[in-house]
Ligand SMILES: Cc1cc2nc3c(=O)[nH]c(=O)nc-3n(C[C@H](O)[C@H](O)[C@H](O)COP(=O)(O)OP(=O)(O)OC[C@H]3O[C@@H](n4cnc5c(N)ncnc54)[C@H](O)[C@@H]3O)c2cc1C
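So this first bit is one chain, no partners, the form predicted alone, shown in structure tokens.
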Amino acid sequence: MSLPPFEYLAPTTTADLAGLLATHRDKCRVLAGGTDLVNWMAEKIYRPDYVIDLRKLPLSGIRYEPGRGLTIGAATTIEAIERSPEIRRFYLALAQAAGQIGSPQIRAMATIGGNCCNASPCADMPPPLVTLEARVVLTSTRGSRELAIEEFITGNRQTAIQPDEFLECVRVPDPWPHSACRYSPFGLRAAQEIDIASVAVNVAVDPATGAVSKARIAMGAVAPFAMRAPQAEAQLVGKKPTSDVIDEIAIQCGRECRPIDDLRASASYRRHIVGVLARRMLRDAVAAIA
């Protein structure tokens, strides 16, 4: 399929990018990796007058600073996230999510900014980002602002980004003390699959008591966005993460999600899978802390 006609723009500074977005607004689309945008343009879902290429801009890179946390440029590839030693050491759930996206060829092109801005309910990066308390930096000619990732993604293919803004980077705070994070999706195939459900967890344990001191659980593909399980989190905090407790929390996660029936799975099956994944990820995270 051919692409609709458009004018190609390739700014070399973020100031130029902001100016182009302020000028063209809804008439333009930003190209990072292009793994989704090019397909949508070929299918005539998007017909932008202008395509703005980010590849000449300093918007990629991974920087971890102890005490300050992690910064990931919006144009950083999924492959770079999957392979980053710092991410694998301190934010393993992010590396696990990155390794589940598409194929090696797709991961070499796709970006974290694109995965978040496309706001697919089954996207792999948002659930672990939610559990890690990540924030996005949105920039325009008016300045910059930060939003929590769960405030940024507002629904199915919907975000809080304004037409004149671009996603500059994702910021993740330092890991909680005595904590571990894990992520797992589930699909019908082992690769290049659209998730039926996914679960990310981030758990901290008080070494003095052995009880959970902090917990965040996020579920993907079972709501219009990566949703937290606040009742399950509250139920877990303050308790020792025994097998029985984890089983109760997993069941609660299945109750809290909001899945639908579609061609890939029924709502009831998705609830069951959420419980299975939550149980596995919580056990893995707790075992890593011990």
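Don't overthink the numbering: it's just position in the shown sequence, from 1. Everything numeric in this text was worked out from a predicted model, so none of it was measured.
Keep in mind the form predicted in complex with the ligand is missing from the figure; the text below concerns it.
**Student:** 31, 257, 250, 70: which sits within 4.5 Å of the ligand in the predicted bound form by any heavy atom?
**Tutor:** In short, 31.
**Student:** Considering 100, 179, 84, 140, which brings a non-hydrogen atom within 4.5 Å of the ligand in the predicted bound form?
**Tutor:** Partner contact (heavy atom, 4.5 Å) among the options: 100.
**Student:** Within 4.5 Å of the ligand in the predicted bound form: all of 90, 174 and 213, by heavy atom?
**Tutor:** The answer is no; none of 90, 174 and 213 reaches the ligand.
**Student:** Since the chain is shown here on its own, which stretch among 213 to 221, 196 to 204, 143 to 151, 164 to 172 would lie within 4.5 Å of the ligand in the predicted bound form, judged by heavy atoms?
**Tutor:** Of the stretches listed, the one contacting the partner is 164 to 172.
**Student:** Even though the partner isn't displayed, in the predicted bound form is residue 80 close enough to the ligand, meaning a heavy atom within 4.5 Å?
**Tutor:** Residue 80: no contact with the ligand in the predicted bound form.
**Student:** So in the predicted bound form, is the ligand close enough to residue 160 to count as touching (4.5 Å, heavy atoms)?
**Tutor:** Outside the cut-off, so no.
**Student:** Report whether the minimum heavy atom distance between residue 118 and the ligand in the predicted bound form is within 4.5 Å.
**Tutor:** Close contact exists here: in the predicted bound form, residue 118 approaches the ligand to within 4.5 Å, heavy atoms only.
**Student:** Against the ligand in the predicted bound form, would residue 35 count as a contact residue? Criterion: heavy atoms within 4.5 Å.
**Tutor:** Residue 35: contacts the ligand in the predicted bound form.
**Student:** Determine the residues of 45 to 62 with a heavy atom within 4.5 Å of the ligand in the predicted bound form and present them in sequence order; the list may be empty.
**Tutor:** Those in contact are 46, 54.
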